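A lone chain, given as structure tokens: the form predicted on its own.
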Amino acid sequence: MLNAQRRRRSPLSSLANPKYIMVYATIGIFLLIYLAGAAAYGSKGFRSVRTFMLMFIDNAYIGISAVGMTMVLITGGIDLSVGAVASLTGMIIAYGNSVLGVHPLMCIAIALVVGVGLGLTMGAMIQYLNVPPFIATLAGMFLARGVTSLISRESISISNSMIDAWAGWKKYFVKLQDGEWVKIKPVAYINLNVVLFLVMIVLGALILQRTRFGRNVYAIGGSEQSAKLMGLPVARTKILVYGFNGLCSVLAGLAYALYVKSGWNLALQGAELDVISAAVIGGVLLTGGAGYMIGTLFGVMLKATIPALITFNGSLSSWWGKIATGALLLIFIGLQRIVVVSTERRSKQGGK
């Protein structure tokens, strides 16, 4: 009887888990800001499907990278190299194809080897040499950015039929009118970058929630020492997490290259801060052990909504977007601390 009652209470108790509070807060604030924008600028087209999808399209590369960063942060680490690795990916594709005449698929394969290899190397340094993640990934950032500048300091455009086809791929939103399917007005669509972003979100969620590897990631973030005592493969898991983050960085670089159709050594400077802030605003604890891909998805969308509101306002400086993002980040960090302290108090009281 007692076990049956526990099973009946489990769905409700899981929803009331304090670790979900951050995700609830992210979704709630996103809905609040979006509805406020819809009320204020609905007549200007803010409520249109086109505007909503453009927020996805313009921030897909940030979201792809945020998937890998979410896993890194859950382990209690951090990775400052993501923007530089993404920029290096774009440069490898642009220089390799436009200057050297290498097929784009080969360029992408080379970028994958470089990005994943760098991620695995940084993970090994962190695990086996006890180098702090901040220092190891800062070195990786300088290395990737330096190699990008060494290849070329000029912007190189990408002109290739396959890249053009990928960049131009679109699926339009349609409606049934007079027995025929016609495009909705204003025209709205999804492109390959949005599809890649959503696929990576789903893949990341499945890895974290449905695999032993994902459970190990959470265990390491909760307490690495306890994970070791339980016999979990801590070293392998941490190294693979940084390798997966390197993969996400390369895919983000590919998405950005399709977005701008060029490679540049100074591209995506500061993007690592956008990626980290998107994950943190999405509810990932900086101390590790908690975070969900659905929260990261809404974190990216929340960051995308603020610049959209500024654009529709028309009278505000774009720097207000940075100010608003910083304010949100401070709010979520403070909320994280409150959640952590309250959870610790409950666990102590329960142990008495």
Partner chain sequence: MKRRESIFKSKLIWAIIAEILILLVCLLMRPDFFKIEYQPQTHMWYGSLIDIINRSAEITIIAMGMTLVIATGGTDLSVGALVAVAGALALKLLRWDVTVYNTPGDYTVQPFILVLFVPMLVCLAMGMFNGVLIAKFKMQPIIATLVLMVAGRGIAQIATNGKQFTTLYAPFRFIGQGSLLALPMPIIISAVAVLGVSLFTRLTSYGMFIESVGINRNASRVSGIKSDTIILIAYALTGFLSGVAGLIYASRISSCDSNNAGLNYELDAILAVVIGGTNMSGGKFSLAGTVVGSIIIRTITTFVYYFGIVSESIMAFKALIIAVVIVLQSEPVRKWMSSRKNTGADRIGGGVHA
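Treat the numbers as computed from the prediction; the structure is a model and nothing was measured. Residue numbers count along the first chain shown, from 1.
Below, we refer to the form predicted together with the partner chain, which is not included among the displayed structures.
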| query | finding |
| --- | --- |
| Candidate spot Leu143, Arg153 and Gly334, all three touching the partner chain in the predicted complex (heavy atom, 4.5 Å) | yes |
| Heavy atom of Lys322 within 4.5 Å of the partner chain in the predicted complex | yes |
| Leu329 within 4.5 Å of the partner chain in the predicted complex, heavy atoms | yes |
| Contact of Ile201 with the partner chain in the predicted complex (heavy atom, 4.5 Å) | no |
| In the predicted complex, Ala188 touching the partner chain (heavy atom, 4.5 Å) | no |
| In the predicted complex, segment of 285-293, 306-314, 45-53, 31-39 with a heavy atom within 4.5 Å of the partner chain | 285-293 |
| Leu258, Val280, Ala267, Leu251 - the one with a heavy atom within 4.5 Å of the partner chain in the predicted complex | Val280 |
| Residue among Tyr172, Trp181, Trp169, Phe134 with a heavy atom within 4.5 Å of the partner chain in the predicted complex | Phe134 |
| Those residues of 164-194 which, in the predicted complex, come within 4.5 Å of the partner chain by heavy atom | none |
